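This document opens with one chain alone, in structure tokens, the form predicted on its own.
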Amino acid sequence: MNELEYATAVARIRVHETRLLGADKIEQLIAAESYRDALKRLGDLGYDVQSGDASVILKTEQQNAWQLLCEIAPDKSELEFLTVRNSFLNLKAALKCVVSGLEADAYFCAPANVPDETIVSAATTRDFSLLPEYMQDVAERAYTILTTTGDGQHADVIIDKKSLETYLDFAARLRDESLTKLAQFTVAAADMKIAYRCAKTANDAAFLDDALVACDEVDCGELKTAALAGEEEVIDCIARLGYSEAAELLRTSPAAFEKWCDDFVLSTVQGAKYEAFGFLPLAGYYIAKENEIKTLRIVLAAKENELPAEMIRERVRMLYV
């Protein structure tokens, strides 16, 4: 790819990075007297709040960020790294809706690299050859599970596993150290959550085999053994695998553990702010925007439910700027 093309794209990203919300702006929203006041302040910060509906406001902002990337990315295929997991979420929705006779559109996530209509058509006709090759086998298997056993959880687990495996593959193709680290940690975090949940719900070894995803950051065999032994064993295992802070947070507060995972993800792409070329600055900006939107969703939901400011601050994620 021509470096000049990347330089132009990155220059545009730098302009948009200046509009990302920092901790001071989030604090203004937390300090707002009410949900409506928070929305007004968000409008002052550049968001389109005319609808008055937080879900619409945040969805529109994410669509705008994605449209920016689509306009400036020199190589559009690189963007699939950011959207491939949504395609698997949409596959889950489509299969379940087809089996239950519901319309799938309302449950779809955007953006996704596989068109919604392609996924719906594949699920409706059971012609999974319409899907990308990396989705075909798992779609067939999940459909069979849903139609023979009705076990939606099992179908979800195998699709989730394939989604993470594909995410790792897409990261490897980009040949970027930061994005590889991001993908590896994302899978490791998913494995830790799976092991902990399975310990709480007493899932068996076969379920764990279908759920845990091999990666460089954690040993799935150790997590599996720990999950079969109990919650405390999983926490101890996470500490032994090098995530002692995460283990302590999980012991005291699963919500704090989730926040730690989100913050770690953002920290892996912080260096994108200092790169002049390549895909990393584009990916870093979009991940930062997703994190900003997640934080705003937490803040606005808390304001709507009149939660105290200190409780909101505990839930706010790390920000990019």
Partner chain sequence: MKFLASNYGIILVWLGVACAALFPGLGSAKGVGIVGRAGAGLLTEKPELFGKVLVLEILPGTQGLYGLLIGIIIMNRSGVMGAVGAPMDAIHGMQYFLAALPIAAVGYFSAIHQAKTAAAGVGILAKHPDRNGNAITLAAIVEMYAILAFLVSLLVVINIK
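Numbering follows the first chain given and starts at 1. This structure is a prediction, so every number in the text was calculated from the model and none was measured.
Same protein, other form: the form predicted in complex with the partner chain, not shown, and the subject of what follows.
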property	result
In the predicted bound form, segment of 284 to 292, 23 to 31, 47 to 55, 271 to 279 with a heavy atom within 4.5 Å of the partner chain	271 to 279
Contact of V15 with the partner chain in the predicted bound form (heavy atom, 4.5 Å)	yes
The partner chain contact in the predicted bound form: M318, any heavy atom under 4.5 Å	no
Interface membership of A11, the partner chain in the predicted bound form, 4.5 Å heavy atom rule	yes
Contact label in the predicted bound form: E314 to the partner chain, heavy atom within 4.5 Å	no
